[in-house]
Every structure is written in structure tokens, then in C-alpha cells.
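Presented as C-alpha cells, the chain that follows is alone, the form predicted alone.
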């Protein structure tokens, strides 16, 4: 597949689309705010006026969008991509969305003779720029194979998790654990500061010890330096944890820890950190 449409050019979408361009693919892009497409157009991408226009001549359409409402509009809205796609083409949604919506979209695609994959990613802005994302893919095996070269262009590989919706499920489980870790790290860093312990020393110990997951190692320096350049926006974590809580509840699991973490991130958003990285949640606990 050489003709690719990419829908959504946010923190993750823009570098993912750039990777496709860098691999010599013919990329048409669309974004709600067209100005964000300018660097990609300068690099050789074509700019579409609507998702439908972007998708009309594409062999594969990839979306990276904020939430279910945005995804539904972009795929199925009045100028949506799905109705403009040709039979036999491939639709891929790499956003972090609900399992129910991914299954619904997959059924809508199948009814039109279009392949569908839900393929959210692990990694953030840095990994998207480096091409080291990992795709968690739900869908038919033959469609996963068809998309292999696209995943390789944008990331280090893919894991076929199961049928449609499976990638979304594993991504929500992944982000549940990430959200709880970052919220608890914020509380730990704040406690060290309030106790008079050198915050860099405390951060280094936490990152190097048993709590030091790759995520903790990445976020500790941001919290210590108060560098909240966005890699993963605070409101998106609130959204993801909301999806997580509902998904787990439907399976009979109530998530008290996810609810507590969501409250922390919502408090950060309410305090003016909605355009900053999730590391800014620590500021909810800081006294200065």
C-alpha cells in the first residue's frame, strides 16, 4: 500500500504521518485545524479539506484522534472517511478509544467491504518521532499482515492481540496502570519535598529502585525539573481513565485506584494544567 490518508495531527498523529512520508509513501492528511498540517505539507503531504476527501483515493486510512466523539465524527459523520473508502481498502484507528466503539466501527467497515484494525500504540511523542511505537492490534490476521509495512514505518512492530476491540482493551489496561503509577508518583514526590528530602535525590532513588518502571524513569525528571512540555496531555488521561473505569465495571471489576487517579488528573486540569504533560499532576500537591 502506497496511498495513505492520515486523519488527526496532534501530538502523536503528526510525527506518525511524518514517518510514513519519510518512508516514501504518498500521504494525504486532514486535521480539524488545518494549520497544523503545514509542516507535513511542506514535507510533501497533500492536505484534504475533509476526512472523506482524504480517504477517497487511499488504500489505507489511519486515524489518531482524541476521543470516541471525534472518532465517530471523522469516520461516520457527514464528511466522514468510511463512506468515501473503496471496497478492499483498510481502515486503522490508532486512537485510545472504547472497546464497544471499536467493535461498532469494525462492523460498519465490514458492511462496506472494508478491512478494519483497532491499533492503539504504546509510547508517546518521543517514540512517535523515533518510529519506536508498538501497535496493539485487534482485527483479522490477514488485515494485520496487510498493514505490517505501515506499522513498521511508524513503529518497532505490532502485536496481534485478537479480534476487533482486543487492541483497544489491552491499551485501556495499559493506560490504567500508567495513570495510577503517575498519580502515585506525584504523591510520593510531593511527600519527599514536604519532608525536606532533596527531591532529585528522592526521584533518583525511586527511578533506580523497585518502583522504577520505564514510565517512572521517564516522568521523574519532568516532575523534578517542572518541565511539563506535553507528551501526553492531562485531559487525555482523564478521558482514558474514564473509559477504563466503565470498561472494567462492565466486566464486574470496580476500580477504586483508577477513580482516585482520575480525581488527581482532573484536579490538575482544573488548576490550569490542561495543556501540559501528565507529569504536571504533581503540582496539585506542591505548596509553591
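Computed from a predicted model, the values in this text were never measured in an experiment. Positions refer to the first chain, counted from 1.
Below: the form predicted together with a small molecule, not depicted.
None of 76-84, 154-162, 116-124, 98-106 except one has non-hydrogen atoms within 4.5 angstroms of the small molecule in the predicted complex; the exception is 116-124. Only one of 261, 54, 244, 236 lies close to the small molecule in the predicted complex, with a heavy atom inside 4.5 Å, and it is 236. For the residues 47, 255, 224, 70, the 4.5 Å heavy atom test against the small molecule in the predicted complex is passed only by 70. In the predicted complex, the small molecule sits within 4.5 Å of a heavy atom belonging to residue 232.
Using a 4.5 Å cutoff between non-hydrogen atoms, residue 269 does not count as a contact of the small molecule in the predicted complex.
In the predicted complex, at least one heavy atom of residue 31 sits within 4.5 Å of the small molecule.
Although the partner is absent from this view, residue 12 contacts the small molecule in the predicted complex, with a non-hydrogen atom inside 4.5 angstroms.
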